[in-house]
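Before any questions on binding or motion, here is one chain by itself as structure tokens, the form predicted on its own.
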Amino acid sequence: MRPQGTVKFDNTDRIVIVTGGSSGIGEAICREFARSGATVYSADITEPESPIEGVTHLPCNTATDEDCERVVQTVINQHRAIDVLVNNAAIQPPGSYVPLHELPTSLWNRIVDINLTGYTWMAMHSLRQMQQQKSGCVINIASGQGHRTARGVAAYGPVKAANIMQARQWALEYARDGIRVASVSPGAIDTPLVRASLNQQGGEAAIANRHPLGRIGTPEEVAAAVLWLSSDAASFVTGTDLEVDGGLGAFGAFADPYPMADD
């Protein structure tokens, strides 16, 4: 059974930036923060299909430092604060599901530029403001594939592992500034990105059955974890990764939860 309802955390007066907030997990995170009272900015290269109540869209290509700096500075100019940054914008093109020697250089560069360097640019500019405030929270959306990899994800897996280590390093670096940093590692979540790759991973039923809970997750379930991590309820939590994966992480070395489709 999929849980219903929304998480009720009070984020009144909090200023939140979510990258990749126009669809999928990012859209769900934006909606939940807005419902909880936050002022939310979605930094995304594309506009949402329909406006999200309580969320301001800021055009942003997170692969470019200039765009990231512009978005962060726009929010600072408006509010003189950034309370939460959620690094979520990421890609996993179907054409990247190949061994490393078959991976086009252009795809490697795109994945690294957006999924890794983009997280860095957004954090770099946001952390400067958070240092001045002596408060703030950064959350990286990583992936279960950052913990246990699979064949055919030569770029995505290593980069998602790096997102987890980014969060740990930043947590250590900025703890004395009153800043907390963590990451969230989803399993398979019902998003356009996952939908685009299901056929290459055996189809939805096959992917669902690899999760001990017997289904793929919802964007709202990931958003709930993000809201908790960024809330005062998690005030003693930093430098950690929270797996929202339906139990996928419980598999050990004897399991291959992501076999290639032709196995």
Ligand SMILES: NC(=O)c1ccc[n+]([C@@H]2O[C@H](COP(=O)([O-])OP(=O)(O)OC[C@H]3O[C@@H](n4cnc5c(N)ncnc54)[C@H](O)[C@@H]3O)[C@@H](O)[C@H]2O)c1
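For every residue, the number given is its place in the sequence shown, counted from 1. Keep in mind the model is a prediction, meaning the values are calculated, not measured.
Beyond what is shown, the protein has a form predicted in complex with the ligand; the following relates to that form.
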{"query": "Option from 101 to 109, 127 to 135, 173 to 181, 81 to 89 whose residues, in the model of the complex, bring a heavy atom within 4.5 Å of the ligand", "finding": "81 to 89"}
{"query": "63, 142 and 189 all contacting the ligand in the model of the complex, non-hydrogen atom within 4.5 Å", "finding": "yes"}
{"query": "Distance check, residue 24 to the ligand in the model of the complex, heavy atom within 4.5 Å", "finding": "yes"}
{"query": "The ligand contact in the model of the complex: residue 237, any heavy atom under 4.5 Å", "finding": "no"}
{"query": "Any non-hydrogen atom of residue 45 within 4.5 angstroms of the ligand in the model of the complex", "finding": "yes"}
{"query": "Any non-hydrogen atom of residue 121 within 4.5 angstroms of the ligand in the model of the complex", "finding": "no"}
{"query": "Listed residue that, although the ligand is not shown, lies within 4.5 Å of it in the model of the complex (heavy atoms), from 114, 155, 164, 75", "finding": "114"}
{"query": "Residues in 217 to 243 with any heavy atom within 4.5 Å of the ligand in the model of the complex", "finding": "none"}
